[in-house]
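Just one chain follows, in the form predicted alone, and it is written as structure tokens.
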Amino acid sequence: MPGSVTFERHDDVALLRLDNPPVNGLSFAMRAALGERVAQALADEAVKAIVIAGADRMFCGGADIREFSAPPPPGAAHLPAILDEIEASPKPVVAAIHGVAAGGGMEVALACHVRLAAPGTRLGLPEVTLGILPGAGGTQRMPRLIGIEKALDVIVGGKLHPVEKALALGFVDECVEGDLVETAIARARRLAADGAPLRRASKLTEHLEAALGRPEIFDDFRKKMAKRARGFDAPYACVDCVETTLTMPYAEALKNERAVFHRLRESDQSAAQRHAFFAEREVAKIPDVPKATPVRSIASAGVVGCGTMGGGIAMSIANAGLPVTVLESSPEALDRGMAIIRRNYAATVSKGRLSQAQMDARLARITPTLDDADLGAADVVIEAVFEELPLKKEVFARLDLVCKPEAILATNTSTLDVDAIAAATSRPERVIGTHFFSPANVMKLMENVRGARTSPETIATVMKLSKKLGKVGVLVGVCDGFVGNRMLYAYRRQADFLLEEGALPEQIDRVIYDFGLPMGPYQMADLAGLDVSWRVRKAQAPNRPAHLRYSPIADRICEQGRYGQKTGAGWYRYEEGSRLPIPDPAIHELIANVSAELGIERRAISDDEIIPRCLYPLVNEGAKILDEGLALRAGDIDVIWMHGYGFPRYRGGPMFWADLVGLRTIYDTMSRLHDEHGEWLAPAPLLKRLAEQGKGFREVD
């Protein structure tokens, strides 16, 4: 019966199977069933040994995350106590692991005396990715099994490891090629017959003794993880709990681990990371593109343009194992682009993240060309030329003539009208936006932009392609800037107005960085290049509504030929060969001059003013986008901002963060800003409705 633990007798061995589809999650009911079946096996005198296995496709995917927000039922089974009973069993207990053993499922296996795993199994303790830590002995048993430093890597890294790695690390005892369950039953029976002392993880001391004279292990690890763990609570809590293996008796350390687990589980950070976990899975669900929608096979691709974006897109496609033809307009541009691709791959090889053979294989999949006709056989062609609508329309008209009729034509535009681009072809149903983020071979987000006539088949195919490329594809609608950049404009406009009023770029960047983003708006602009957005602003100028005034500071900087890191100067200046931003008095003077021209008396801007002024308008724009149906869910907006702009995962994305702040607070602030700064800061109707109703964006989803 699904949702239970079955009990089978194989002569003198009891086989307990976790059976709770789809991942055999340890729900409240499953924990109770496991405890009952373990007690049954221990009480049965005919049973000499026990095997714990999983039904169907995996051993156990861990706790049921949806139950984290619910109070446990009265008398709920306590997983740590059940695992202590398994480990203390006088009868040998063998874990037969296949598919996945993650989180609480891995902790069940750690409590067993022997762990056998099938080929292809992945194992680990990923709790840290949900803002918690292993709360059923994982921080105590793993270090005793494999050593402090290895355990820190496993627990804080939060990855699922292939069985070969788990075997090498020591938390799997054997990889079984044949019948896993039969082998586990035989091993359990042999252990019972041998009568040798059982290997109980909590009693192992060898690795702890080796670490006793090296207290620096933990501080060294904290320093090593500081950059990637910045702002997160759970990684540091994991290290603290592993450290108690040396400073507390086992029972006391286990009690401490559980207390820390509960504290983290109730935190805003864990709620945010759990929201992120589910939101990333929801983005693939598109109401009018059901699972049964036909998906075209993509066996080859083309890219138009071999500049920064085109080259990165080509690398993403080659990295996914697909052949890609890259088209450029001149031999010089093509040679320059291919040279950059080679340098990028070589840099990855030099860092040990790619072998020379892998680099050679990926380069071999990229075919450079100057002839449009060479794109004729491609299943999908992605255009990545300058962000100018007439140019893109011209490219699509050419592609329409040379590409096979069933080919999908995609534009990498970050702002332009996909419908206008599609109108240049005879196949608007096969035209879609694929907005990659720079650098395209690194960033995980793809905003997939559906036009008015984009077919469900095209959408389904491109969403699947996103996944094949290792990206997170999010479907959005057509508007200026789509979802991410439209919100970014609102954020940047306010940041620029703060500059006019008295702030400096380095102050705003520092506050935004301290909030948790990887960099502030001005460092990000210098990295991306100021000329692209300048070109967009100039193109939009004739049609820009009067109430959408923007600060002229960025244009003045571009007029001086300062385009960011690539020219050695932008909002900051840069030393030769360095990416370190250096505040520039020349920019300070330029900003002050603009303030004077606009008749603005500069004042001291407090750090506390910057977050509401920058991020509340960003949320407000997100509310408009959601109300207009340009994003399917508030969670989709959060995924875009986490993966495309580095919004801190421990805050759950801007819309989830807004719910934590309180929509009434944000609405009241936006109302004040509207009064002070004009029509474009009017509170979004959806924000107003939800604030008045005392609701959050989560209730829109």
Ligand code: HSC
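Position 1 is the first residue in the sequence shown; the rest follow in order. Note that the structure is predicted; figures quoted are calculated from it, not measured.
What comes next is about the form predicted in complex with the ligand, which is not displayed.
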item	value
Check all three, 31, 65 and 126, heavy atom within 4.5 Å of the ligand in the model of the complex	yes
Proximity to the ligand in the model of the complex (heavy atom, within 4.5 Å), stretch among 258-266, 471-479, 504-512, 223-231	258-266
Close approach of residue 100 to the ligand in the model of the complex, 4.5 Å, heavy atom	yes
Contact flag, residue 22 vs the ligand in the model of the complex, heavy atom cut 4.5 Å	yes
4.5 Å heavy atom contact, residue 520 to the ligand in the model of the complex	no
Touches the ligand in the model of the complex: residue 236 (any heavy atom, 4.5 Å)	no
Answer option from 378, 130, 151, 409, heavy atom within 4.5 Å of the ligand in the model of the complex	130
Partner-contacting position among 104, 143, 581, 451 - heavy atom within 4.5 Å of the ligand in the model of the complex	104
Interface residues of 363-391 toward the ligand, as seen in the model of the complex [heavy atoms, 4.5 Å]	none
